[in-house]
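Take a look at this single chain, the form predicted alone, given in structure tokens.
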Amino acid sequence: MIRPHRTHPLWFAFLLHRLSGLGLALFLPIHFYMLSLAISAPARLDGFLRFTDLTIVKLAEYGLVFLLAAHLFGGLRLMALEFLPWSPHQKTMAALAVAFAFLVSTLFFLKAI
């Protein structure tokens, strides 16, 4: 049985924020490893950078930028909930957070290809 609060649209906004944070936390060690290759093994980094020209990697970057933007705008929405008075427009704010995340990641993707 699904609990009533888990059918509320803002619960889905919370879930998106939490899952995007977990996805970014999984990405960060790989990112820092690649940055360390720039200092310690530039030839291996060049090989990896050639790998990033593949279309599937570009799509993964799109997903990563979407997660980052969703996490950012979802976090801003949560901070607004903490510091601003309760408003009936919170569902709209959650939808705007996802829309802005989609817009930012799509613009990044279109510039990348």
Partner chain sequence: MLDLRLYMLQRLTALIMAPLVIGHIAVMIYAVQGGLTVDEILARTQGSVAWFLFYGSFVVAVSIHGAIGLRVISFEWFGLNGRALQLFSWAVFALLFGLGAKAVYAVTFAGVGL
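Numbering follows the first chain given and starts at 1. Predicted, not measured: the structure shown is a model, and the values here were computed from it.
If you look for the form predicted in complex with the partner chain, you will not find it shown, but the lines that follow are about it.
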{"query": "Exercise: residue 98 in contact with the partner chain in the predicted complex, heavy atom 4.5 Å", "finding": "no"}
{"query": "The partner chain contact at residue 60 in the predicted complex, heavy atom, 4.5 Å", "finding": "no"}
{"query": "Touches the partner chain in the predicted complex: residue 54 (any heavy atom, 4.5 Å)", "finding": "no"}
{"query": "Residues of 14 to 45 having any heavy atom within 4.5 Å of the partner chain in the predicted complex, listed in sequence order", "finding": "15, 18, 19, 22, 25, 28, 29, 31, 32, 35, 36, 38, 39, 42, 45"}
